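One chain comes next, on its own, written out as structure tokens in the form predicted on its own.
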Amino acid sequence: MTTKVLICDDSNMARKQMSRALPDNWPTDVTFAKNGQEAIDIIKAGGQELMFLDLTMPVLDGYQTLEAIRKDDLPIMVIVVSGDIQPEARERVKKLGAIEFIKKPVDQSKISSVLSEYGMIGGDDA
């Protein structure tokens, strides 16, 4: 079964790097957003199951995006991917509903571990 994944980051390079870090044999349909508002619009259009979300972006940053998802009760799991690894940032995104916080640059084994932990992939899919 294909998982619909949304990668939201204002950096084209970061979006590409994130998509390359997804497990090789995990069937996905990846969509990209350049900012939080684009991500919200895509989620509202329907079908996205998992989003990798940057925190520092124009228009709507990651925190504002998480707040909008919570306010509108949008059905998506969010993993924050950011270079801002301060404990306060980690705590704040968890309170806003993110299931996990991963440090940039992302590592494929870390992504696989998190996806496995949350049942998105099986142990032998990574």
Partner chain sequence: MPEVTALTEDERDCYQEITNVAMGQAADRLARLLGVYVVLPIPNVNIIERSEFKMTIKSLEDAPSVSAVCQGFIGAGVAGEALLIFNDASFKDISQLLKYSQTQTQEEELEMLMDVANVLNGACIQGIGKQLDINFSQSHPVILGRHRPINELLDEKHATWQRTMAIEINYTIEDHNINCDLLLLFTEESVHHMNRLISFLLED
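Note that the coordinates shown come from a computational prediction; the quantities given were computed from them, not determined experimentally. Residue numbers count along the first chain shown, from 1.
Although it is not shown, the form predicted together with the partner chain is what the next lines describe.
Enquirer: In the predicted bound form, which of the listed residues (A68, I42, M57, L96) lies with a heavy atom within 4.5 Å of the partner chain?
Expert: It is M57 that has a heavy atom within 4.5 Å of the partner.
Enquirer: A14, I102, L115, L22: which sits within 4.5 Å of the partner chain in the predicted bound form by any heavy atom?
Expert: Of A14, I102, L115, L22, the residue with a heavy atom within 4.5 Å of the partner chain in the predicted bound form is A14.
Enquirer: Quick one: Y63, G83 and Q86 and the partner chain in the predicted bound form, is every residue within 4.5 Å by at least one heavy atom?
Expert: Yes: each residue has a heavy atom within 4.5 Å of the partner.
Enquirer: Where does the partner chain sit in the predicted bound form: which of 71 to 79, 28 to 36, 42 to 50, 86 to 94, heavy atoms within 4.5 Å?
Expert: Among the listed stretches, the partner-contacting one is 86 to 94.
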